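A lone chain, given as structure tokens: the form predicted alone.
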Amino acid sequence: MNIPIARSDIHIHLSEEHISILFGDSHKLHNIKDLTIPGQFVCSERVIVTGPEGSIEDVVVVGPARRETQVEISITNGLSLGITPPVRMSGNLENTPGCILIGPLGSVSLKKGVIASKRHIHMHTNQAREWNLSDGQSVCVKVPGSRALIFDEVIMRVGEDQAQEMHVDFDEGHAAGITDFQSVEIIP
């Protein structure tokens, strides 16, 4: 069961309210590149993420707007910012640290929303059914190569709106010597 893998760098999903504060009233995000997951895209908009010990500039915004603002960082990003992000699945933001976001027209002080994304696999329902995999299931994934390793506790995200791809952050990707979109093997 082979699938492509991609590394995910620091990025932000913004709520409509925060888009307006950072970029102006009624601002609409500008799609410059579609992502593999249907409906998601890289935006031309960028922000500065600030923590107690530092800032990271030119951070990518991923669209479309979400119900809640979420900042996804690596553990290494957290060291630069002075933030210890919990490892969570996207959307699980309770009891997470906050940060300050700075855009061209304003800033937002988040009380929560900073996470290190838990490694996961997106997969369409039909493919998951064929491979006998289910949403929320934990699997192992074998990465081949000169720095071969096995990722444990990779969570399946199965749905009609998903496309087949595994996501890890840059820290995990560098540790395994991953090249974006190389093939890895699911081990249920």
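Quick caveat, the model's predicted, so the values are computed rather than measured. Residue indices: 1-based, along the sequence shown.
Below, we refer to the form predicted together with a further copy of the same chain, which is not included among the displayed structures.
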- Query: Pick from S107, N92, T84, T76: which has a non-hydrogen atom within 4.5 Å of a further copy of the same chain in the model of the complex?
  - Reply: T76
- Choose one stretch from 62-70, 30-38, 145-153, 125-133: the one whose residues place a heavy atom within 4.5 angstroms of a further copy of the same chain in the model of the complex. 145-153
- Query: Taking heavy atoms and a 4.5 Å cut-off, does S117 contact a further copy of the same chain in the model of the complex?
  - Reply: yes
- Does D169 reach a further copy of the same chain in the model of the complex, with heavy atoms at most 4.5 Å apart? yes
